[in-house]
Ligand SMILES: C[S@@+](CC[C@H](N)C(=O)[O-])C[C@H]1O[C@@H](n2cnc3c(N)ncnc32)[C@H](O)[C@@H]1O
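Just the one chain here, the form predicted on its own, laid out as structure tokens.
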Amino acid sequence: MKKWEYGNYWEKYPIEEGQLWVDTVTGSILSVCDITKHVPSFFVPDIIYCDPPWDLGNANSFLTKNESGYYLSSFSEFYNKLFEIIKNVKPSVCYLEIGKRNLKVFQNELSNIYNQIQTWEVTYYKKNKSYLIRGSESKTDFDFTGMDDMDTPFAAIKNEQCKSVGDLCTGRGLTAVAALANNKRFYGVELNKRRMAVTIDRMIQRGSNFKIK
């Protein structure tokens, strides 16, 4: 097995760029694409919950794992596109997980879209410090302080009034699982088809059934 194959899930669920995999049970939709170049028109969630790359090295590591054949010269190439998409979609609420290095950048960019910005110190892998930012037109009373990022998407989605949840960096599907656990439709976009195949498997294990469009 090659280093970045993420198991044999893609051999079971061979999703390709440009395809839409639609869950006939929930109406959820998955797509493989590079969000710096294109975002499918189906991506219109009520809320976004996303754990994007935190800095240039992190962003380029995902390009390496995807064998994309190119690298970003600056982190702004990524986050400018990320916030352009959020601004165009403008869900009622947007949650972003971010490390300290670009925390203020993300706070400032989100404040250009929403009137109310809240930030909580959380953890990832139950020990490393990170931050959860929430943008909306009104504040929430829910306190995420000290929670781990394995739990925050479940709490966030449960706390919000929404019918659908979107993730622009779906990865291996934690937000998808959280959406299904809360009976919400999920719209997922991911750069790496092998990582998306893991998401498909996790959703199928929870009752989803996909057809390709």
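From a predicted model like this one, the values you see are computed outputs, not experimental measurements. So that there is no doubt, residue numbering starts at 1 and follows the sequence shown.
In what follows, reference is made to the form predicted together with the named molecule, a form of this protein that is not presented.
Proximity of residue 188 to the named molecule in the predicted bound form: non-hydrogen atoms within 4.5 Å are absent; the residue sits far from the partner. Contact annotation for residue 159: none of its heavy atoms lies within 4.5 Å of the named molecule in the predicted bound form. For the chain shown alone, residue 29 is not a contact residue for the named molecule in the predicted bound form, no non-hydrogen atom being within 4.5 angstroms. The named molecule is not shown here, but in the predicted bound form it comes within 4.5 Å of a heavy atom of residue 174.
In terms of contact with the named molecule in the predicted bound form, the residue from 78, 106, 114, 131 that brings a heavy atom within 4.5 Å is 78. Across the options 40-48, 140-148, 180-188, 162-170, residues that bring heavy atoms within 4.5 Å of the named molecule in the predicted bound form belong to 162-170. Taking the partner from elsewhere, no residue among 88, 91 and 96 has a non-hydrogen atom within 4.5 angstroms of the named molecule in the predicted bound form. Applying a 4.5 Å heavy atom cutoff to the named molecule in the predicted bound form picks out 33, 34, 35, 36 from 32-48, in order along the sequence.
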